[in-house]
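Below sits a lone chain in structure tokens, taken as the form predicted on its own.
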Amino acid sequence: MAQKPSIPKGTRDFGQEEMAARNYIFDTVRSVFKVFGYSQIETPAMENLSTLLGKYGDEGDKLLFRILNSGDAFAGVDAGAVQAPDGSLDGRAITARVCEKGLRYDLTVPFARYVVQHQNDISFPFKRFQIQPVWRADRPQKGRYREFYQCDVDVVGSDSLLYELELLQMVDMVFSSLGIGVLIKVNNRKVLTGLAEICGFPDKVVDITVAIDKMEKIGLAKVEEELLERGLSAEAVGLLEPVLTLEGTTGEKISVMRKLFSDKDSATGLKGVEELEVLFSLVESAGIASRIEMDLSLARGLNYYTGAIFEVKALDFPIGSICGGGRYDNLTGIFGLPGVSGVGISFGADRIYDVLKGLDRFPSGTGVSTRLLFANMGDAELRYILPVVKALRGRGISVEIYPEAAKLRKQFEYAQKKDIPFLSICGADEAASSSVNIKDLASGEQRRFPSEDVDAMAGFIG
């Protein structure tokens, strides 16, 4: 019995129309990255687990797809060495022995590895972008996939806040070009570190950020419950609450936080507030059109962030974050190159696709590849049009020839189904007069060109 074909949950096939739409996103993002002077690189789909583990926190480590070693991966594994105290098998102990590699979780950690490995071949500040898939062993749901593309742009080798501004400008330009209204949320991990310090729990900054990062999903009350479960005192949680719910203008929020950190003598928190103040001043001078707000509850759960953090949400479509990132000072140090600060942001191509599709914002004709179909009228006519087809393709026009000399109605229906906008029917009369007849199927306009006037044909076809 034939096996019913299927694909793993959390993955998707993309047909020709979907790929045309996705390439529209990739081309838009790529063009903006290049305008700001970023160059493209690629890294392998798999990395050594030693590169990936410990960079995303415990929850991130659980979502890593591990790859079995080649051959008989379990040969030589001592069953006794992988047993838990209760006699059951210890999954972590097993994977540590049979898995040395994993699929990349994001593009930032592989980028940090790349920078360290190629430090003698690149110039700093090093500005790069990547457009590649990543994998996470997450529970599939709307807007969340196990395989998805990221469009990352990062710069390392400078701690200038001009690069934070540059990232926000690119976000504004990308989504303006795509016709998506967005809200850009900004915070600073130094502010969150300062909050942990003044709460009396500086060693629990990771616990605090992981809990706060869930606030939009589970609400303030549940976040407070989780903070208590993670070991914070009720007094500490009470101190955090008014900060997480702080409202007002950017200037008002900065004034409140500056006073709070000054009164509690937190140099780290004050440094974060200062960086936010400078960044928002630059944003105002740059004239960014998109809505940008300071959100002191924004945490970004990844452990490697140390400075500014960003998250972007679509204004008119209910979906999670479609873009996010931040400043990281210590990531390359993990791989042996300390003191190299970096900042970057990642555009979630799959979610952006869902937003554009949901809002019907893809430009008309995005999925059209072939511009002109030549009808097949027979062997002699086919040989007549072949040089014309070659010349048009040489000018970058996408042209097809129908494969058989079928009835014209069938050939016309083929053009309609594929949304081919132009059709040429060259019979014996056209061959005798060395002309080419082309019809615009949308408007009905029909024109005849000398067979050698390829430039005029290309202009009509567009």
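If you superpose the two forms and keep the largest set of C-alpha atoms that fall within 1.5 Å, you have the rigid core. As the structure is a prediction and not an experimental result, all values here were calculated from the model. Quick note: we count residues from 1 along the sequence shown, nothing fancier.
What comes next is about the form predicted in complex with a further copy of the same chain, which is not displayed.
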* Asked: Which residue, Tyr402, Tyr56, Phe422, Phe412, has a heavy atom that falls within 4.5 Å of a further copy of the same chain in the predicted bound form?
  -> Tyr402
* **Heavy atom within 4.5 Å of a further copy of the same chain in the predicted bound form - the one residue of Lys204, Lys253, Lys185, Arg113 that qualifies** => Arg113
* Arg12, heavy atom within 4.5 angstroms of a further copy of the same chain in the predicted bound form -> yes
* Report whether the minimum heavy atom distance between Glu430 and a further copy of the same chain in the predicted bound form is within 4.5 Å. => no
* According to a 4.5 angstroms non-hydrogen atom cut-off, is Tyr105 in contact with a further copy of the same chain in the predicted bound form? -> no
* Asked: Is there a heavy atom of Ala196 no more than 4.5 Å from a heavy atom of a further copy of the same chain in the predicted bound form?
  -> no
* Structure fact -> Of 213-221, 374-382, 257-265, 237-245, the segment with heavy atoms within 4.5 Å of a further copy of the same chain in the predicted bound form is residues 374-382
* Hey, which residues along 373-401 are within 4.5 angstroms of a further copy of the same chain in the predicted bound form, non-hydrogen atoms only? -> Asn376, Leu382, Arg383, Leu386, Pro387, Lys390, Arg393, Gly394, Gly396, Ile397, Ser398, Val399, Glu400, Ile401
* Asked: Once you line up the core, how about Asn23: does its CA shift reach 2 Å between the shown form and the other one?
  -> no
* Is the C-alpha displacement of Ala428 equal to or greater than 2 Å between the shown form and the other one once the rigid core has been superposed? -> no
* **Per-residue C-alpha change between the shown form and the other one, Arg136, threshold 2 Å, rigid core fit** => yes
